[in-house]
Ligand SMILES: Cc1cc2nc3c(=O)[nH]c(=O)nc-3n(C[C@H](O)[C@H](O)[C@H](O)COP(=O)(O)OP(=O)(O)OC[C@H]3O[C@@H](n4cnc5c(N)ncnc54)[C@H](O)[C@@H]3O)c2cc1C
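Given next, in structure tokens, is a single chain: the form predicted alone.
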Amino acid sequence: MHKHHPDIHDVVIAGGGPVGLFLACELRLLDLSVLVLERSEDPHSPLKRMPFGMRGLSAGTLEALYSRGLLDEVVAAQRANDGADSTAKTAPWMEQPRRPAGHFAGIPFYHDDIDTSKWPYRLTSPAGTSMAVALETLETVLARRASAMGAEIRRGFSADEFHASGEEVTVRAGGETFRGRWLVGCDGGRSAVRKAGAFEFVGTAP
């Protein structure tokens, strides 16, 4: 039997990864009530730590974190984790003589390949153009900020299906029913929300 929640949120976010959590923080700045539904019950996973959980943050992402006062916190948290885990192994590509800047479909490219003068619209900030961080670190910082701002985060709930009417969206997740005025799918490339809503994938295949 489904458990129905009488309260209606302004926005229900399916997916408690970096995108969903950052969006929750942005919506709370507008004083909107936010519910984040995340499938994983445990936010800590070996696959989210170095080296497997390494994520390269782009210039745009770094500037977004800086503009919200989160960049220093992410950097400090990553350094603390690096110091606490003396057994952490550095990814092979991070030990190369040329400084890696990221990859496209697994093909690496380097900082000396990038002409930053071609970025005329980049915001002026002390943020760099790239940074490596463990997914666990990034999600921990964002979840802490979202919760402090008043967003509700429910773990162990995967948005299985939803029904949209003219006034609200009813979301069924983990045997319970939640209500929101809007539903945002931040649940990854294989988004269950996108499939349930029959939304076409407008991106490009890898």
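Start at 1 and count along the sequence shown; that's the residue number. Note that the structure is a prediction, hence the values are computed from the model and not measured.
What follows is about the form predicted together with the named molecule, which we do not show.
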{"query": "Partner contact for R55 in the predicted bound form: the named molecule, 4.5 angstroms, heavy atom", "finding": "yes"}
{"query": "Distance check, G197 to the named molecule in the predicted bound form, heavy atom within 4.5 Å", "finding": "no"}
{"query": "The named molecule contact in the predicted bound form: A192, any heavy atom under 4.5 Å", "finding": "yes"}
{"query": "Touches the named molecule in the predicted bound form: C25 (any heavy atom, 4.5 Å)", "finding": "no"}
{"query": "Residue (of T177, S67, S45, S40) lying close to the named molecule in the predicted bound form, criterion heavy atoms within 4.5 Å", "finding": "S40"}
{"query": "Residues within 4.5 Å of the named molecule in the predicted bound form, restricted to 11-43 and counted by heavy atom", "finding": "A14, G15, G16, G17, P18, V19, G20, L37, E38, R39, S40"}
